[in-house]
Each structure stands twice: as C-alpha cells, then as structure tokens.
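Quick setup: one chain, the form predicted alone, written in structure tokens, and binding and motion questions come after.
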C-alpha cells in the first residue's frame, strides 16, 4: 500500500471519528462486547445476536460484488455452505475438533470454490452472471444431497462443540457459559476483523477500481483495467469472507443440512439483507442482516405465512426506499441538519 493511500485512509478515519454516526457505531460496538452481561440478557438473545453477526459477515462480503462491483449473485450459498460443510465433514471423518484449525479450513474451502465458480462466471455479466452462479451453486447442492453416504444427504452433518485453543469450554462452563462466553466473542471478533479488513480493502485502490468497473465497465477497460480479472478477484474475496460467515453459522447452530446452508434461497437471503440495508453503503449490509433476522424471528412467531411478510417488506423497500435502511437514515440526518441550519423554522 503506497504512502499516499495510507495517508488517505488516515484522513478518512479522522473524519469518520468526528462524525456522529461513527461515534454511534462505536457505542454500538462497545455495547455488543458487553451484551452477554447486560441485565435481562439470556441464551436466546445471545444466540440471536450471534446469528445476526454471522450473517452480517456474509452480507458484508456479498456487498463486495453487488455494491462495489455491480454483480448480482445468486450463488453465494455455495461459499456459505461449502465452508460449513468443510467443518462438519472434517470433524466427522478426521476427528478434528480445534476451532482454530476448522475455521481456516472452512474459509479456504469457500475460497477454493470461489476460485472455480468465479473464474467461470465472470466470463459473463448481468443476468447471465447471476444465472451461471445460481446453476453452479445448485450443482453443489445436488451433489451434496445425492452423496448420502458421505454427506448424510438431506439429514446433513452434526457439528459437535469444538475446542478453542485446546480447551473444552463446554465441559468446563456448560452450554450457557460456552455460548455466552467464548463462542459469542469468537463470532464477534470475526465480525470486527471482517469489517476492518473489508473497509480497508474497499477504500484502497483495489476498491476504487471495483467502483470504476461498476460505474462504467467499458470506460474501465478503455483505460487499461483488466475488468474480467478484477471481477474474478472480487468474487474470490467475497467468497472467502462469505465462507467465514458460514463457518460462524455452523459452529453456532451445531448442525448443517443442504437445505439450510446450500440451497439457493440462502443466496437470496444474503441479497435480501444487502438490499434491505442499502447496497450503496458500506455498513448497510450489517443493518440489513440485523433487520432481516429480527423481522423474520418476529414474523415466525406471529404466523406460519411469514414468507409473505418478508416478501412484503422487500417489496416496500424496493418501491419506496431503494437505498435501504441506511439511505433512509441518511435522509433523516440531512433533514435534521437542514432544520438546525434554518434555526428550527419549518
């Protein structure tokens, strides 16, 4: 990274530290670290927040393609589920139970899948790219279902509680202590690392190149940018971090099946979260993942037709607020600022 780039990132960080939104984000992050110890917090709340963080990792990674590269993917379930299955199968067939080995294995597996699927898919754009990703990911789904003797078919594979740093926290602390102690913080730290790394990547020359390709691929090609190669790099990066989200989901849930991690609907959910939060905003997918999990959780308690409610939410967002929840928040902040500048006059 050049000195100019480092200086630019430092200036950007200082500007964001003066921003009220950034201060609110920092407060939320501190609250997330203290969450298990807040009054009234139980296992369900910690489990729900753990799910939000795992999906937020995957949604941030999904936005590398949709928001920064301009590629709509319906195949991210292959990366999410590939990582989860790599962990489950490694546990079952090798007896490995160390999380510090299993998570890198899952991420690398997702990266390997992204190398192959991405290389094939970036040869096309727009709807053809989306459908090719969907087809290749669904191929992995079908293979996983059919290889019953290896993968357990539709029954899936169990993921036993892993040791962390060689310590069996489940035996020492019980399930509640394990979930609300070390496991929650592993997921939270993975989320923070993802957020910091992707933020740095997307504000580096690499991220600016992806934006150039998104805005005008022909002009990018004309000034010498190898468009197809950069789209492939973006697919690999997105696949690696989506795999990290899949790994966190797997160890949190303790069991994975093709229907829960490899089905095309999982790719659709990641797209839903990203659009809900706002594709044009770096932190939008985090907001979208949180809103999606909470709305779905409440809708499932109210009615068996919760799919209808989720569809209605997506319809309303696309029609009335295409910039998502982050865009809505930004508009509210602008109006408040205008109201203050006008001295409170209407």
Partner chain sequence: MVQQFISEQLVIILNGLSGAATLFLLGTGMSLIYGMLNFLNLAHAAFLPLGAYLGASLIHATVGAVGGTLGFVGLFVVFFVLLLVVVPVTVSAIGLAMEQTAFKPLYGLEDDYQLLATFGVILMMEDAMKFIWGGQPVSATAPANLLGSFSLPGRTYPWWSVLTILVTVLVAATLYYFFEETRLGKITLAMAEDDEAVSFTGIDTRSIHLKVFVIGIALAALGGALYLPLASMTTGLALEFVILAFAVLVIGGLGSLKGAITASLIIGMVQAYGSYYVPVLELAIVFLLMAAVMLVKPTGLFGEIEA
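Fair warning: this is a prediction, and the values are worked out from it, not measured in the lab. Numbering follows the first chain given and starts at 1.
One more form of this protein exists, namely the form predicted in complex with its partner chain; it is left out here, but the text below deals with it.
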Does its partner chain come within 4.5 Å of any heavy atom of residue 146 in the model of the complex?
yes
May I ask you to check whether residue 93 falls inside a 4.5 Å heavy atom distance of its partner chain in the model of the complex?
no
Check residue 214 for me: does it contact its partner chain in the model of the complex (non-hydrogen atoms, 4.5 angstroms)?
no
Is residue 314 a contact residue for its partner chain in the model of the complex, using a 4.5 Å heavy atom cut-off?
yes
Taking 4.5 angstroms as the heavy atom distance cut-off, pick the stretch from 219-227, 68-76, 103-111, 157-165 that is near its partner chain in the model of the complex.
68-76
With its partner chain left out of view, choose which of 295, 48, 318, 29 has a non-hydrogen atom within 4.5 angstroms of it in the model of the complex.
318
Quick one: from 120, 176, 150, 197, grab the residue that has a heavy atom within 4.5 Å of its partner chain in the model of the complex.
120
Taking its partner chain in the model of the complex, which residues of 112-130 have any heavy atom within 4.5 Å of it?
120, 123, 124, 126, 127, 128, 130
